[in-house]
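First, one chain by itself: the form predicted alone, in structure tokens.
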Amino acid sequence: MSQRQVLQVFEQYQKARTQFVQTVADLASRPQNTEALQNAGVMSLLRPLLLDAVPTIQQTAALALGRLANYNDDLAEAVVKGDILPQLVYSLAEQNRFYKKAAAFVLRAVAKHSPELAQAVVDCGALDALVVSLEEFDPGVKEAAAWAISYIARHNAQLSQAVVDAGVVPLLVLCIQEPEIALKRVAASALSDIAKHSPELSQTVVDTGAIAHLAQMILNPDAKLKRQVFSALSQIAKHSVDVAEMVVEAEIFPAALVCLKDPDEYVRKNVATLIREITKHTPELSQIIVNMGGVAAVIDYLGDSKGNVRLPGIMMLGYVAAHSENLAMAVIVSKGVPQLAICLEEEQDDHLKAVTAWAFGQIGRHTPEHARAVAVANAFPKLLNLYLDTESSEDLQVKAKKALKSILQKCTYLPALEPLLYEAPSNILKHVICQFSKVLPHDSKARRLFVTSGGLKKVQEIKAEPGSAIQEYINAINSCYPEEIVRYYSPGYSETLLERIESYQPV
């Protein structure tokens, strides 16, 4: 065989390999093909091509594996079991930038599915190789490495700690200072995934000076970057008062409040989440947000949003109101109660309704004035219906009942209490009767209205155990009226009168 023929054979072989990996990579990009590819044993065919002499074949083989592993955990597990990861990690340190990006993509695709698969990526020494890639000159390689790190760290504190121990955090902070928007996004996302698990991990991110660099990007025009920045700040701030104070001191307010009106839904939600995580800690932090117009801005945000996007805003109002009478009044003055009533009316999700019920409880539990604000918004019948509805989740029933009780114990606004006399079960009714027994002795106009509206009659119909708390309240109410009035409205009194008429002998 001549040299020319030998070259032709090699060219054909290379062409065939190239065509094979490109075809597999194309097929792997469509989910409907993955099962057929797996059944055909494509993993074992791609593995030797990762070490092919031709760089393009190596890269395309890695890309194909990444696409397959990305599809589901079975395929990702096949990559692990096929002993492919050590090969990728070895090549990650040796090959060109195109291969490094493809290899990091495979690691990310495997790690994303479960903590176990992410641990397999860590166990094969991937973190050290990814750290080296974060120091590469090429921003695309850095981005691919940061993405893989993010997918490893997001699962749990143990994996996140492994990432931190590999020395990743300072390099990610450098990445968010790079000019490339895509790299900034992924680095911010990775910092968020590291910080979210524990106060210690959050502190590690803080200690590298991340807050100041993240704070500089809150008004960046790129929506996807802003999503990640606000997510990272909220994951950092949620763990402790000290860290939340550091986020506030980075002077992100009131500029961040502008982003509650951002066209991007996720930006708005992440800003609301950040405000929630700050206000939940202390009355002082809540007061800072209130002073900057944060409560009014969140109430407007609730009016402009629907569904799950409302959740952090509703929770924020509840946290603010929980701290003190004054802060709860700030929510009321900013017209938070009617907006929460709208949320309770509009939303179908039980979890959202439960959180809204909880927020009502935090607002109304302070004083009669606070309770009246909730009562005037017609919240009592709504909360009662949610508590009694057998279709409501257990959590919703518990929160609606708890909110109703805590507000009723402060409510002295009788027009809102009276309908509950007819609708409430005994465990709620006793709180309603208790409030009437407190108010009626001191208000003659209310006593008269209570008779003419049928309230007194209804009270006489309640069957209470002698000596029970509810019987004591009924006795207190009855003592506000002449004995004949009480007798007149008691059940069976009309029959007694008729009997007297029958036995009466005219003179």
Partner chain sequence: MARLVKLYSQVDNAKKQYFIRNRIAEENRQKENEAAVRIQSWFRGCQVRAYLSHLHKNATLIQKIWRGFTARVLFRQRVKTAYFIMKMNFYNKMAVKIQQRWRGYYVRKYVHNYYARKRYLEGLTRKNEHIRRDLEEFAELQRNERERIIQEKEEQGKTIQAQRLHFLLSTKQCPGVFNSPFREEPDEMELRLRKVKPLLARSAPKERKTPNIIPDLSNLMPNRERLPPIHKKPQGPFRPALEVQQQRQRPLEPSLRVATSITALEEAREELKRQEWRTRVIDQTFLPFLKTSQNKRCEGLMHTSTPFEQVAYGTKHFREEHEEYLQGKKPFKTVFTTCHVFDKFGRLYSNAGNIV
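Numbering follows the first chain given and starts at 1. From a predicted model like this one, the values you see are computed outputs, not experimental measurements.
Keep in mind that the form predicted together with its partner chain is missing from the display, and what follows is about it.
For a residue to qualify, one of its non-hydrogen atoms must sit within 4.5 Å of its partner chain in the predicted bound form; none of E77, L421 and S444 qualifies. In the predicted bound form, its partner chain stays beyond 4.5 Å of every heavy atom belonging to A93. Taking the partner from elsewhere, L257 is found to have a heavy atom lying within 4.5 Å of its partner chain in the predicted bound form. The closest heavy atom approach of A330 to its partner chain in the predicted bound form falls within 4.5 Å. Though the partner is left out of this view, S490 does not reach within 4.5 Å of its partner chain in the predicted bound form, counting heavy atoms only.
The single contact residue among C124, V290, L352, C434, judged by any heavy atom lying within 4.5 Å of its partner chain in the predicted bound form, is V290. Comment: its partner chain is not present in this chain, but in the predicted bound form one of A166, A296, L429, A215 has a heavy atom within 4.5 Å of it, namely A296. Only one of 299 to 307, 231 to 239, 315 to 323, 199 to 207 places residue heavy atoms within 4.5 angstroms of its partner chain in the predicted bound form, namely 299 to 307.
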